[in-house]
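Given next are two forms of a protein chain, the same chain in both, each as structure tokens and marked structure 1 or structure 2.
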Structure 1
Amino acid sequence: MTKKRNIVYPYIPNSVPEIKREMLDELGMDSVEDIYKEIPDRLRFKGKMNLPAPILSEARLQRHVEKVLSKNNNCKGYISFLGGGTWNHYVPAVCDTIGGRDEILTSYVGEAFSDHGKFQILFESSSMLGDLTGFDACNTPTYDWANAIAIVSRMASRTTGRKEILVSEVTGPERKLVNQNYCKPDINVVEIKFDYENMCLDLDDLRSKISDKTACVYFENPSYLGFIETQAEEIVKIAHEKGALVAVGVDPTSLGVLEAPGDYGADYALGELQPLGIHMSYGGGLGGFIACRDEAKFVAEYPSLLFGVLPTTRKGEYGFGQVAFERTSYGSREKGKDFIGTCSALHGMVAAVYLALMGPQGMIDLGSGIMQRVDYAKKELAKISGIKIYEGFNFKEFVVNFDDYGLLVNEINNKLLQRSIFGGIDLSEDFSVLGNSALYAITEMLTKEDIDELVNALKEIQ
């Protein structure tokens, strides 16, 4: 395989030796070294890259990669109760079809006259996310939900001229880490306590920490632990009285049944696109969004590209363009708002397809059905001795406590694994206050039979 020979690579048309020779002759060059001559010898890599031998044919390459992947077990073969930031939802075949179209999949940064369709899809995506969240403005996708929190922290800081962000302690642990890293240069992040009795934000703690230094209050609804925040309007009132803004992290699949943040007074809504028709792909399915009030003082602080619609020179035609482009680091380098580059546009486009398929009734059915399954699971699990459910209004996720069960969560999960079940995320480190607990997630993918299988397994392995 490693013997030197002239290979014609199917992805490199000019690897045909005669073509290459013809081009070099045209250039008056002997070889490619006549181009690399600009690189001093001391900088040249003298060795031979020690890489695995190539697998030249697609047939063998496919076989190789599939063989490696076959060492995985996936959420179609197993019953999965994993959530926490990526969820096992149905991906409509239409989403795969559109997301896999070469025209958009392999596009990049073309302007609207060349890539009109991409602009319209992303505009529709922002529009539907605006409808879900109750806002008139929404950006093109961020890297992920965590990145959206970080960006909003910095946006709110600039809008208010303040340097402190209050964040609910029951925010996704990874999301908190990302936010801390982005805020580190000049924004102080302070955590607001969670009331673990009532499973909602501790308003007394919020009142004690909020001040005229606070740029923004951030909480998730539902929280990372799955509890629906019942005091959202009160939080908004407390924040606004101090001149602080309010950002709400949402699971967009909840907004068929839960009130839109824009309609209970929040200033920003942000969240994760992955549940909207995007495969989990081992955490690669992420994409974030930020919706906000359509006021210049908010919109002017976005670092993201913003696609807007306006009439064109031809009557009856929609045209698209970049709104307030000079804001961005593409427009103004380090003087722009933070920085922007390639993020997760394709996932925003797939989310548009998903929301268009689902429509209002689909989102209502999705949300209410998830809540029914969750409630059923909570009731059934609570019947098992040694298992306690932390009560509250849950959406997709809920906390199961195993303090009196006789096994640690990781031991339980190992036993469940032997029965082809992925148990919930172990919370015992990140939320030790909850004891020996796990975060269980249930989506529309699970049936009663699946839930019963979990219940039976937990009865048997005890």
Structure 2
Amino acid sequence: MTKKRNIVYPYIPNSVPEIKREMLDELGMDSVEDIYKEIPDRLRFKGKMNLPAPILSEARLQRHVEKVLSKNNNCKGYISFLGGGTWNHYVPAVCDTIGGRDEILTSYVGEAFSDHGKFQILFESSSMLGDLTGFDACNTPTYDWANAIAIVSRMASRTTGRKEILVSEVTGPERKLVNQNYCKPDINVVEIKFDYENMCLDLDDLRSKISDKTACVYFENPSYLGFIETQAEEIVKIAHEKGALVAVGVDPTSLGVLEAPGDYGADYALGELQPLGIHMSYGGGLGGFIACRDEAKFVAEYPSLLFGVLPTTRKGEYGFGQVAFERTSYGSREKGKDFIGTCSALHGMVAAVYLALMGPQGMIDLGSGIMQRVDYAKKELAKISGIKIYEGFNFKEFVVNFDDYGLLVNEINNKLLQRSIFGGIDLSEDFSVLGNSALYAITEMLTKEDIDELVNALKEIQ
């Protein structure tokens, strides 16, 4: 009879049988199964999961993973017009160099490790995001943009004592769903209509819905559809007249050319860090931020970590540390403003590297270059028979209508894939009012020749 071999998995800590037995004895348990005994039988999976056998060799594991990943198509081999929350921006080499340093890549929050400047990087990241958005205070990263909206909704509710959030219907669909789920059960989320004729928020609908119950009005500028909100100041005025706060969702790459939310009176600015030197990663590589004025009524409601700078006991020396730590669930689980877990501090640090490298003029050049490319793409696509481009001012993204083109968006995208082009996001389900339309994104990674290749492809596959 062959003796069963005990396998020690190199990627699972404490899997040596003797150590595992010692840990179980310390806990007073007979087996690992005892850890899960409180989980009722009805919630337990019955049967065997369809998983491959473990690969114990690192070299073979690497080869296996690379083989699986090779089935994917990516933006290195394809021209991409996809956006909607994750975009193909250039990642400078220095972002990977700094972000890949061991003391930054592996350190958890910084609490139990020697700091190596991590607190300073997070402080600088928050400071530069504050400069971009026109605010004084900015938090360490949330999970993503959607999480940032949800956190601001609850922050605004606590600040005002009100239980209603008004949200533009032209908000990223996934972001909208996350916010609705996070606000349950005590905060009511109401949608504000979008004026699809002028491609701006419907102010009449806003006026009819805002009341003394409204804690906050949220809209995105540019919107999910890429349209620049030209009525931002009026929206802020309407909200403030009713005692409501205003939160603006922003793409940070737009703030080199668009006015900062803090400058037109908004109370919060929030958005996505991914464009700031962070690689796309199967829809990931995300991290959200929230900025506001440095006033106690706003700052006191942050559930996330904040970093500040102050003089030390040594004359002329400054240190970086956490601000009002007791607010957080780390400081007091039962009294924390909101619960937060491990978020995206690494991405916040990479964003600091990117912003420091770009500087103010770099952000202006980036935004200007994107807008020039968008303008060229809109004009060239509008010349194709059966294609309609919606009027309006756009940044990075715009809507292309194919009602008279003869093919559905998914059919068009399949034909474009055969030409190594990722077409735009199909809007027919989430924005049916726009008909057979797609959302196209243009970043600094696309050249005139790339756009011309799309135009020629659409002419040929029609």
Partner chain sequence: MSKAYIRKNFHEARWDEPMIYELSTRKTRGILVPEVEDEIIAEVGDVASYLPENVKRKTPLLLPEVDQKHVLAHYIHLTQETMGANVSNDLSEGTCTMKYNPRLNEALSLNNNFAELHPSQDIETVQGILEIFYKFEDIMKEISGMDKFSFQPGGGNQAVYCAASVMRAYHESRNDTKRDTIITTIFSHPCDAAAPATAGYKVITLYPDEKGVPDYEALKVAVENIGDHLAGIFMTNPEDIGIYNSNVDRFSELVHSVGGLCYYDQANANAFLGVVRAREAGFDMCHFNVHKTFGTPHGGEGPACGAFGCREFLNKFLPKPTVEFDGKKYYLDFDRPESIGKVRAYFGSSGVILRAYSWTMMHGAEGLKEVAAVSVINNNYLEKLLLSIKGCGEAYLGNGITRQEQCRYSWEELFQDTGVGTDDINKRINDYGIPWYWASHHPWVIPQPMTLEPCETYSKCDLEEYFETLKIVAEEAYTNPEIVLSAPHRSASHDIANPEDLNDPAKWALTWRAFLKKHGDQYVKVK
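Along the sequence of structure 1, residues get numbers from 1 upward. Keep in mind that this is a model prediction, so the values were computed, not measured. Think of the rigid core as the biggest set of C-alphas that the two forms share within 1.5 Å after superposition.
- Between the two renderings of this chain, the form predicted on its own is found in structure 2; structure 1 comes from elsewhere.
- Relative to the superposed rigid core, residue 14 undergoes a CA displacement of at least 2 Å between the two structures.
- The two forms, fitted on the rigid core, differ between the two structures by less than 2 Å at the CA of residue 410.
- In a rigid-core overlay of the protein, residue 60 has its C-alpha displaced by at least 2 Å between the two structures.
- Core-superposed comparison between the two structures: residue 30 shows a Cα shift of 16.7 Å.
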